[in-house]
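Two forms, one protein chain; structure tokens for each follow separately as structure 1 and structure 2.
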Structure 1
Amino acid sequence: MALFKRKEPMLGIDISPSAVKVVELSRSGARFRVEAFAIEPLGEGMLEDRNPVDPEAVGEVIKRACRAAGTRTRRAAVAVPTSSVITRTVPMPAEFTESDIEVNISIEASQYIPYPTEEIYLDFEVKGHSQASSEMQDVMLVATRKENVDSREAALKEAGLTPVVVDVEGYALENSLGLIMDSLPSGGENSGLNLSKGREGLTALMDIGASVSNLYILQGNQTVFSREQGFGCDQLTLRVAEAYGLSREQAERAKRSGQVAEDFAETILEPFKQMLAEQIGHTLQFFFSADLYVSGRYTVNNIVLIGGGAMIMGLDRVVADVLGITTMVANPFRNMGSASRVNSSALLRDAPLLAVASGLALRSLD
């Protein structure tokens, strides 16, 4: 299945370890509108290594989410995790057409991909003339193991949907971030790492999930660095369970409902936000030590938070204080209208969770 194939209209469906998120968008001129959205939790163990273990069971959750959203659209886009994808930019002769590239891409892939070609899906995107030689063009090769695609495709089909796009989470997030770039500060008093004039500002996008978080460094709306780290909001649930003698399920319900002890904010939540900010700082250090940053050409002007962790009240302020970098919570729907059936307050509340799904939904509107 082509990773860059486009069809329209279609749903954006994000199958994350904790939930299925569905977003449907429409467009009139330059203005987008949210037609439908929903979030349905996934049971523990439904995903293994980020892939659906039982596509039929996951398909039932997707079906419930579509029903809750009230959508009748049957075409869908889904994404594989960024960490499961191998990307390489390879030089090819400038005179090669797309059909020439398609014929030769498997040969090129065998040099870069550590799996037999029959075990992977391949796609490519022409990036333009190579800076190294005027006689060459740069082609971005994208590959992932077939099981990553097939398990998601099977789940969508179980839900009665037609999978028409398989994207990469990181690329979907680039789409979403493009909607909010105009609202990002250009760097200023609170951009503690903007230490020298003339350095090009980058944006750090931090996707804080339940057990895994992903850092993306973007130049404009293109990812130049990414890294997955093993921390997330589950750690807060475990702290609640240990502190108050609750089961994991009880702790999760208490955390979500806000029905917690009076000392929760002081003894658990605030220390957890501090720890999370420090973890984000540690993750950023991997980029700060990379050649791209050390070269002195770039700096980080902004941190944008998405995912379940971004919904923790006040986390953006703590991150900004700890790291000295302007920090904001992403809302890809900030400049969008919404259909009358859409619960606008719920959309505002859940916006950080819907960044991948909205980026996928945008694929049909490019």
Structure 2
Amino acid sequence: MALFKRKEPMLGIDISPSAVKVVELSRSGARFRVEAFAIEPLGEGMLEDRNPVDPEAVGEVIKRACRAAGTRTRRAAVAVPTSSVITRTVPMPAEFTESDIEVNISIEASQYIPYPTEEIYLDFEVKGHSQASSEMQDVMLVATRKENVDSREAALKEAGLTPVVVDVEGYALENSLGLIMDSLPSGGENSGLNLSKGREGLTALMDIGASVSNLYILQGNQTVFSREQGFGCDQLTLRVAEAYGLSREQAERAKRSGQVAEDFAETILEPFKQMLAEQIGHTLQFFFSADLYVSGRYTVNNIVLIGGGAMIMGLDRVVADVLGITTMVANPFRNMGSASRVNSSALLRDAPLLAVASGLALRSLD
């Protein structure tokens, strides 16, 4: 019966510089369940400018990840990096239908996109009436170079998967925010009115990656401000390698296990956490000086950590101490059940790394 037809399952596949991350979710009513997940490291140089260099080699890693996850699902959603996408809001006559827009969009694009039209993929989303005029509608144009999409699709196909959705990392993350906010101890309530100050409280989501980190300021589940900064966890690996004369791989393993040397915590780890907290504060300054904030209507009363940096034990406490803002590590799966093949303690540990893959996996369940 159509009403109860099971949605076709789909894998969310995040091909990030450090690893391929796979998540599969299912849903019954309002409840989600983790069906499968895996994280499979990518060797150095397998991505260049965040794109797979050799689809066959990356496909092999994706295949391994799917095997490790124990899934047979073959349909997949993948995302291109946010920084590889150009978006512009273009006003068009309100009476334009989708097909009118489609005809006109590539003409519009040639004005905004600094690449020949044959080198890009274009998409659009109708945002609604223009504020400026009721005779116009706002159309958001999204463009990316073909190689960003093609290299990912090729890697998925090499892994025996069928790419059915190509998303943008930032949108996938936004899509997983519902899960992340629901999982906060306060149920995301803090993002309501902060009565003591008469200001609305916003949440800062901080994604600390390997080489870059991204700050997203959220009003409810909507991103109202974002900023990329060039710091990340690779710096910790380098410090460990330098201090103890280790190779990069050895240093990476050592820092994750914490089994390095007796003075590691004191001389390297704690100062690194302190430095990360200060960098987060510095990144927040970009928001604190933005119009939205200085308007005096808002305040930031929560920091939520995701990405590799969120895996560093006790970072949340250091950030809270240094910045004086409540800080916690996100777990998008907190309110979910999981299939018996899922290793739930590994899922709990790795949850902060899986936000983008989860947002992609949700696409089949929206």
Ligand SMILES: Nc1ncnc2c1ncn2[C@@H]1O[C@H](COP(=O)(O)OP(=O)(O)OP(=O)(O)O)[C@@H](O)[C@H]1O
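Superpose the two forms; the largest set of C-alphas matching within 1.5 Å is the rigid core. Note that this is a predicted model, so its numbers are computed, not measured. For numbering, take structure 1's sequence and count from 1.
Asks: Of these two forms of the chain, identify the one that is the form predicted in complex with the named molecule.
Replies: Between the two, the form predicted in complex with the named molecule is shown as structure 2, not structure 1.
Asks: Does residue 149 move its CA by 2 angstroms or more between structures 1 and 2 when the core is aligned?
Replies: No, its C-alpha moves less than 2 Å.
Asks: Quick check on residue 240: with the core superposed, does its CA move 2 angstroms or more between structures 1 and 2?
Replies: Comparing forms between structures 1 and 2, the residue 240 CA shifts below 2 Å.
Asks: Is the shift of residue 92 between structures 1 and 2 large enough to count as movement, that is, does its C-alpha move by 2 Å or more after the core is superposed?
Replies: Not so; residue 92 is displaced by less than 2 Å.
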